[in-house]
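In structure tokens, the next block holds one chain alone, the form predicted alone.
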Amino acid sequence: MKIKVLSRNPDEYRRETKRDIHKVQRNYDPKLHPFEAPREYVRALNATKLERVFAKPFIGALDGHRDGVNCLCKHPTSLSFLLSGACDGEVRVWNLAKRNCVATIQAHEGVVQGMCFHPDGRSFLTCGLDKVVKQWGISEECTINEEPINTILGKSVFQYMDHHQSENIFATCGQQVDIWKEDRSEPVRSFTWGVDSTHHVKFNPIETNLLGACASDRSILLYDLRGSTPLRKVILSLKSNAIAWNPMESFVFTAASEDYNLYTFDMRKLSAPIMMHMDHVAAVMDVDYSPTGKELVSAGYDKCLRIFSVDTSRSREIYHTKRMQRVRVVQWSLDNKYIISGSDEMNIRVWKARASEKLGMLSTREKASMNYNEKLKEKFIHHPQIRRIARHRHVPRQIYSLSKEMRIMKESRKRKESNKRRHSKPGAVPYVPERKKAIVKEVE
């Protein structure tokens, strides 16, 4: 006769402190736990409710500008510092940890149209409506030299600028897209493709020789520094205001359009966007990706910010305040925890990327509880009650009424199209997916 003996080391069950929890053996056999699913559902419901209770995304406002904030720039090596440029030509450096202004300079005579840091963080460039590009030296404490290191006089107005990820090259856009070296007063290369002007340009963070630009003829253009001519372009039904590259997928970029939507493209096939992000009720002014490449944030003319997952068409979060006016620019911090927005009423606002996330250090038990709750919510997300609570957001009356009106208009268009298809010859009225309707044509 065999006898099985349970042998346990008492040291494994000894508590470190008298307040510690006793370690208990558990048998995870589902037959012994018949009420496990109902119990987990209640926990998931409570976790979803508590998430909405503690959803307070607004952290603070940085005020000091005397005109609307037109552009923002993140420091490439420090999480604490931020650059902002206003419509009166003023540039300010902010310490986000202390929420105060570190330095101020009058950089340009008109609007500061664009700014970008050198990859080493020791200098930054600004451009404005006064047709001048200036390079400024900046110390580790983020104090700015009073006089610019270098000044470049342009032939036309500069609309935007961006710096290469590793080399001493930066791009500006205006009447054409120009590639500059920091030590030269003339552009190294210029790109044109039969358009009046370009108003936004962005380098690809992975394939660093690629850059995209938004033009005034409603097109999005792609350039390669290794080639002598532009690569290709796609023409949309309305103008695009900004472009952002996915930091994890080198071929993917998102454009913020005037038709209230965002379009995510794969540059290898521009004939149709891979995703169309809807929910804004006015023009989308700016867009930026999270460092993980899984989410993006958009700034709207409808006085709100929206956060989208890259693979969903509807926003998971909307941020707004009573005083916030039209949001011109938005940035996602490099630690993936904060979102910074600049708006017309001269304020820069700092938000949490996760509205209900607790700031500061978390204990081991808090982390375990948080991860457990996330898994529970993920498991029961398709249950009607949990889905309703998780999706519900209070929005301003104007956004609510406009979104309701847009929904009625969209349903009316669909109904009209289906009626036309029903009373026409088969194949006379083809079915066009919603995301393809905004694309006019692709040009190579």
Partner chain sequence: MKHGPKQDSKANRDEGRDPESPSEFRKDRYPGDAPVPKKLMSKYQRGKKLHTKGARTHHGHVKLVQNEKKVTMAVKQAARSERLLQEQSGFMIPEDGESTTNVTQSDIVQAADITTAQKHFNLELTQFGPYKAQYTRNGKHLLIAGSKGHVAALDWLTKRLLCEINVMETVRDIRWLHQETMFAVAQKQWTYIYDNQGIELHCLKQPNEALRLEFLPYHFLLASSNATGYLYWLDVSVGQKVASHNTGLGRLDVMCQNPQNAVICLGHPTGSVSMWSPNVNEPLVKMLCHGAAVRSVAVDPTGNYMATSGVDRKMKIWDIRKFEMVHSYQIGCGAGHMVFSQTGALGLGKGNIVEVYQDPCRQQLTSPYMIHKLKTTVNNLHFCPYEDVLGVGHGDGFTSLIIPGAGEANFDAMESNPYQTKKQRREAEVQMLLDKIPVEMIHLDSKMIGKVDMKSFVERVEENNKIHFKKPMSISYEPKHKMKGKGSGRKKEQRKRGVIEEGRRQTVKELVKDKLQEGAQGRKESSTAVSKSKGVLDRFKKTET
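Positions refer to the first chain, counted from 1. This structure is a prediction, so every number in the text was calculated from the model and none was measured. Throughout, rigid core stands for the largest set of C-alpha atoms superposing within 1.5 Å between the two forms.
This protein has a second form, the form predicted together with the partner chain, left out of what is shown; the following refers to that one.
Contact annotation for the candidate site: Gly194, His199 and Met409 all lie away from the partner chain in the predicted complex (no heavy atom within 4.5 Å). Contact annotation: Ile389 falls outside 4.5 Å of the partner chain in the predicted complex, judged by heavy atom distances. In the predicted complex, the partner chain sits beyond 4.5 Å of every heavy atom of Gln398. The partner chain is not drawn, but in the predicted complex it has no heavy atom within 4.5 Å of His394.
Although the partner is absent from this view, Lys436 stays clear of the partner chain in the predicted complex, with no non-hydrogen atom inside 4.5 angstroms.
Shown without its partner, this chain lists Arg66, Lys404, Arg52, His33 as candidates; in the predicted complex, only His33 has a non-hydrogen atom within 4.5 angstroms of the partner chain. If you take 382-396 and check each residue for a heavy atom within 4.5 Å of the partner chain in the predicted complex, you get just His383. Relative to the superposed rigid core, the position of the CA of Asp20 differs between this form and the one not shown by 2 Å or more.
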